[in-house]
Structure formats: C-alpha cells, structure tokens
Ligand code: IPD
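Let's start with one chain on its own, the form predicted alone, as structure tokens.
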Amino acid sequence: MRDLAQDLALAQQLADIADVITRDRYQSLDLVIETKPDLTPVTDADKSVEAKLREVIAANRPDDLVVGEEFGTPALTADNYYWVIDPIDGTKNFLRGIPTWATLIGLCNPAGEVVVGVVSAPALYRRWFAHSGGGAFVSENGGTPKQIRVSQVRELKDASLSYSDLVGWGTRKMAMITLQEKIWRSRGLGDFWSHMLVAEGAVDIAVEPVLALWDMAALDIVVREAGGSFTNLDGKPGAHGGNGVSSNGLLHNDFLTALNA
C-alpha cells in the first residue's frame, strides 16, 4: 500500500523545483524555443523541468515509472505506479509572456487511476493539489492551503463554461457553438486554468477536444477531490480518453448529451 500523503509531499517538492526553473526562464530574453514534430513549441525550460523532475523521482521512488511530455513514455506494467509530468502546460502562453501556464504533476496507480495531483502556476501565485480521499486544496502566494469545492449550479442555462478555442472539435463543433448560445456565460480561458476554476467553483464546466495524458492527470484528481466529475467527451472517466470534460458533476450528463447530439 502506498502512503499517498507522502507521495503528495514529494509531488509538492517536485513542484517547488519546477517553479524555481520556470520562474527563472519566464520572460527571459535568451529563452530557447524549438518546434517539435507535431508543430507545437517547446522551450529549454520545458526540457529542464522534466529532466530534473525525472532525476528526483528516480532518487526517491526508484520503482516508479515516469511518463512525460518531452522525454517519452515507458512500457507501463500492471505492477508499477507511474508519475505523469507536463513540465509547462501552456507553453505558448509561457513563451509569449502570458502568465497562465503551470507545471502539472500526477501519480497514477498500476490500474491507471490518478491518485495524486499538483498543479503549480507560479506566475499566477497559485497551486492546487489533491490525493485520493484527502480533498482538494489551493494555496495562494504560498499561504495556508484552503479546501475547495465545485459549484452547485444544476441547469445548463445557468452555467459558466470555459474552453480553449474552436480548433479540433470536428463533428462536434456546431454543437459546441450552439451550446454557447444556450448557457449563461462562456469564456476561452483554456488549459489547466479552466479546470482549476471548475474545482474552485468559479466555473461550472471546462472542456477541451484534444488532450494527452500529461495534460489531464493532475487536473483529474483535483477536480474529483473537489466533488466534481472528469471524463472524456464520450463520458469515459479518467485522464486516458484523449480529451477532457470537467464539471461540478450535476451538469455533466446534460452537457455531454448536448455536445454529442
């Protein structure tokens, strides 16, 4: 049996290390930017963070595996816990000087369920974290953690929706546009920020049509421990579905039904 409180403590230490690296490179004039084969950008900060976190995990949890955006995915087994790292979620924001970016750190059990998550956004002075059964919390500017809960909005017409943009929706695009005309409010906040606002109860639904495991693992556990739901667009729970919807739970089925109509 794992002591998830100790795993969360390690994840917090990893986030501290990442924050030092990212804050130092954020808005630096000599930031090195490359284009990956999928045409998305990567900076020297992304690579430095992931390399350092892999090194610390190897020293502290030598039996655990690591899945990371920049340095690949090992063959996962039925016996190993594995850490899931997105060194900088929102790299395009990071390289343009927009402060909505974060390091995402998740821990999955051998069955693939996320059991620990930390979302650290130092340019926003906020960090969210959770482990299974322990509730979800946010710390502002390094202050005392405050427990967070999702909203109690029950009808789509009263809901606030956050998303990234209208790219990647395919056959669901018109349904997504139609939904925005029927709900109370929609904003293109995007990335981790949308889902953490769901966990805080400030937004009721967040959705993105194309995501990888490292984009979602840490978000999944924080939203669920705040009392919400996290699935893909087909309603499959968890962070392995290729896209993500988080909500307060009360609106989840109605939103998916409308989106998939």
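Everything numeric here is computed off the predicted structure, so don't read it as measured data. Residue numbers run from 1 along the displayed sequence.
Although it is not shown, the form predicted in complex with the named molecule is what the next lines describe.
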property: Full three-residue contact with the named molecule in the predicted bound form, heavy atom 4.5 Å, for Asp158, Leu179 and Asp204; result: no
property: Options 143-151, 83-91, 126-134, 171-179; stretch whose heavy atom lies within 4.5 Å of the named molecule in the predicted bound form; result: 83-91
property: Listed residue that, although the named molecule is not shown, lies within 4.5 Å of it in the predicted bound form (heavy atoms), from Leu233, Val66, Leu211, Leu197; result: Leu211
property: Glu225: touches the named molecule in the predicted bound form, heavy atom cutoff 4.5 angstroms; result: no
property: Ser120: touches the named molecule in the predicted bound form, heavy atom cutoff 4.5 angstroms; result: no
property: Proximity of Ser164 to the named molecule in the predicted bound form, heavy atoms at 4.5 Å; result: yes
property: Within 213-228, the residues that have a heavy atom no more than 4.5 Å from the named molecule in the predicted bound form; result: Asp215
